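The chain that follows stands alone, in the form predicted on its own, written as structure tokens.
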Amino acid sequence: MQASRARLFKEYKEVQREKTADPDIQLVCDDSNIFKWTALIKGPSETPFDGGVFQLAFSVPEHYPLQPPQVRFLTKIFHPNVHFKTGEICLDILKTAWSPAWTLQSVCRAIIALMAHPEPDSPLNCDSGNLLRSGDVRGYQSMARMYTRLAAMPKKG
């Protein structure tokens, strides 16, 4: 556990130092628990998520970086690889393809890449997966854009 704490402190310092280096990701550590993090990621441009800001919750295991963090969307998102109710993410690096070389920051990068390039053949959200598999890209993008507007864009008031 001491090694994972040291690694997380190192990542925390790195995040503080590089705040302006990656404007698409804002990673924040919980003040009272180094094993709990949240991230705000910007939806990738030229996708239905463009303009949205999505919140992620990280739960880092005691054996990190030997084990992957658990990451889920707190913001509702219509995407084939994200469970609509729980926010669970189907991404190989968070399961079988994990490597200690990954950092919380690089996991955010990978999630942004997944948002731009969905994998409809391993869906957690069957509705969005089926739209893409049947070739209804327009229907998928329309639903994804609608949920982005409803859940991930600042309210104008």
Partner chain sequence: MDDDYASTDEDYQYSDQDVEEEDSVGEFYENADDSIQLPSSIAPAAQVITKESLIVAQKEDLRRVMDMLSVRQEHARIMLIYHRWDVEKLFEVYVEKGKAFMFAQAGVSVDEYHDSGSLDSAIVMCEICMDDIPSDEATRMDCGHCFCNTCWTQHFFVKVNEGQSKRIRCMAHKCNSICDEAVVRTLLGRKHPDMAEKYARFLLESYIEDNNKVKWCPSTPHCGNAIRVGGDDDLCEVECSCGEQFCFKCLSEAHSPCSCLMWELWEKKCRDESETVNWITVHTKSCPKCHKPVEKNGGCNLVSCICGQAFCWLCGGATGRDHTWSSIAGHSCGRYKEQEKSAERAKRDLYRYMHYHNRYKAHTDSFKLESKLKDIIQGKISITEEKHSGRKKTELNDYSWVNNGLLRLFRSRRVLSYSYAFAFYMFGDELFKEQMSEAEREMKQNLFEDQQQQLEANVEKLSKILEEPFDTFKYAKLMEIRMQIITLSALIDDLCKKMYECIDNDLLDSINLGSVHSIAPYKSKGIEKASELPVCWSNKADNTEMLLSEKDSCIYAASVGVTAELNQSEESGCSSRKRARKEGGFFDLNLPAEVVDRN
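Numbering follows the first chain given and starts at 1. Computed from a prediction, not measured in an experiment: that's the story for all the values here.
If you look for the form predicted in complex with its partner chain, you will not find it shown, but the lines that follow are about it.
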| property | result |
| --- | --- |
| 4.5 Å heavy atom contact, residue 102 and its partner chain in the predicted bound form | yes |
| Distance check, residue 10 to its partner chain in the predicted bound form, heavy atom within 4.5 Å | yes |
| Close approach of residue 97 to its partner chain in the predicted bound form, 4.5 Å, heavy atom | yes |
| Contact flag, residue 67 vs its partner chain in the predicted bound form, heavy atom cut 4.5 Å | yes |
| Answer option from 124, 53, 93, 29, heavy atom within 4.5 Å of its partner chain in the predicted bound form | 93 |
| Heavy atom contact within 4.5 Å of its partner chain in the predicted bound form, the stretch among 58-66, 36-44, 128-136, 115-123 | 58-66 |
